[in-house]
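Just the one chain here, laid out as structure tokens, in the form predicted alone.
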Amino acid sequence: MTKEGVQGATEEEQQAQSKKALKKQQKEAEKAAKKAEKQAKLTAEQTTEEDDFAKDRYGLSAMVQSQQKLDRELVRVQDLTPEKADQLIWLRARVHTSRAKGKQCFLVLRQQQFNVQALVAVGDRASKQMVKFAANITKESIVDVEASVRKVEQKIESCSQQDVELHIERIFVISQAEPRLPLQLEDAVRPDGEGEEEGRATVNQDTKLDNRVIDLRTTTSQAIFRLQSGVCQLFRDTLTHKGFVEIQTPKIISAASEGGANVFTVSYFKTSAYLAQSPQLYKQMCICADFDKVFCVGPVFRAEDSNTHRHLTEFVGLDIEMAFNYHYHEVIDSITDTMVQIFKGLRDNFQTEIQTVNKQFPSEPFKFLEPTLRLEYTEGVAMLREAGVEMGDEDDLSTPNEKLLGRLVKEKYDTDFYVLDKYPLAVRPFYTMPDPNNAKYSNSYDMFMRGEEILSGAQRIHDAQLLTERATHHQIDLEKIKSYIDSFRFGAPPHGGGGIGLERVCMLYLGLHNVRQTSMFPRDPKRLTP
């Protein structure tokens, strides 16, 4: 390399080095400036903190350990209406969202399925620091606020309380949520497919169920379980009004209640016991004991390894049993009328909940007839054959055929609820009364909602001799059901009944697609927690 070449190269290196040095100097200068700015800001904050006139109007409350009784009335969010305008109120709610904007902070405060917009703005009641404090409260924290209720000129579409907002004067955190939530509530209520273009998330079912406490706070979950509570209440009220007695039955039993293999075995001191598959035996014993009409609401256990959209290993059974005079249709009429009263009660008193669920899971309103449509099994089979299904007279209905029949019934009769009567005897349990006019069939029935079975029932055999014969025919060990058969040796009235799955009724009434959505803490073959 020539002398000039070497010189040129070193000059270039020097230039590169000086550029690097310049960059480094610039960076250091920027760092120093930022540090100075931060320091100045801190100093300014400290001096203003000393001047914070609102410091007693916000903050973290001491843990509530029942230290004092405050004579303070807390208003419910759902009661915040224009009638309360200009009133100063206290309220406890969760921080649903917060958004700081200049010298003000907008909060949405939520209480169960209701929410309201609130505002903290710098003024004579709130300082800069108070606004900053409000903006930094983590989502889902519980706060007590004192606020003035104000009417708004333009409806607040994003809140349930659309005609008012709160102007906060005091805000105290009662319980602080951790900053990182396992799921976002707004994601958990987003309808499937919505917001995919903007890349917004939806939450899958397992994540929801793993974090059920958070998921149950969503407006959809709140609505589902309030409606479920309504189903239980209507069931109890209707039957009590009809003269039924509510009973409680044991869940730990000595033999499988249905005589089948799908039972959970539990260790019972030096022997084994089973978890009840249904309260069948005890309901019938109560009829033999002259209670006449009984019902019970309680857990039912099924050790079926079924991972479907409609099976659970533990669910809530709504069970009915009653003595009748001359015909088991008296029982069917009583049960169908109870269901109709439940449907009417939900339609008339739970519209808010139904609409809330519909926002996330749209479905057609539930349709039913009065009196309820009753078809014979042979009619159902004929309808299916007409639609191209090949099945024998005594074949049981498969799940796809149940659904198809539901669609055919809806097209023909415009109802989502109907009864299928006179099932083949071969597909029913041993205690089912045979049809006196046709030995192939039985005095048994199923009830359907939107093409899925929600109740299975029958006239029971109330004669010990016939019961023994039927049990032997089904190859059931008579010793294991001795106490059951003995119940009928001392005079038993003719009786029948059925069992309804609460979670299934709620799922189908609302047009949902998975029974886990209507079970608060579901149990299936793969889920034992939370």
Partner chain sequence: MPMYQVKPVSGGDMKVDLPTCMYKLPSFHSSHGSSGSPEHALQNGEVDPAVKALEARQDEIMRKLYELKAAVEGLAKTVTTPDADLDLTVSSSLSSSTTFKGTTDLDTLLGKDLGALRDIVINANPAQPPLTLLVLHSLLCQRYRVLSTVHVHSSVTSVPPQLLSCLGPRHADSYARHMFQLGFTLIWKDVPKLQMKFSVQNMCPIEGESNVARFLFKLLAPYPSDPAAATLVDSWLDTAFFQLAEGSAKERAAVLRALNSALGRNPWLSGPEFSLADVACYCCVLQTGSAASAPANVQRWIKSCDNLGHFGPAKRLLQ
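Predicted, not measured: the structure shown is a model, and the values here were computed from it. Positions refer to the first chain, counted from 1.
Separately, the form predicted together with the partner chain exists; it is not shown, and the next lines address it.
Put simply, of Y431, F324, F448, F368 only one has a heavy atom within 4.5 Å of the partner chain in the model of the complex, and it is F368. The listed set K151, K103, H241, K412 contains one residue whose heavy atoms approach the partner chain in the model of the complex to within 4.5 Å, identified as K412. Note that among 133-141, 384-392, 244-252, 353-361, the stretch whose heavy atoms approach the partner chain to within 4.5 Å in the model of the complex is 384-392. Although the partner is absent from this view, L183 stays clear of the partner chain in the model of the complex, with no non-hydrogen atom inside 4.5 angstroms. Although the partner is absent here, D333 lies within 4.5 Å of the partner chain in the model of the complex, judged by heavy atoms. Not displayed here, the partner chain is kept clear of H167 by more than 4.5 Å at the level of heavy atoms in the model of the complex.
Contact annotation for R374: at least one heavy atom lies within 4.5 Å of the partner chain in the model of the complex. For the marked spot (K55, R76 and D163), a heavy atom within 4.5 Å of the partner chain in the model of the complex is absent from each of the three residues.
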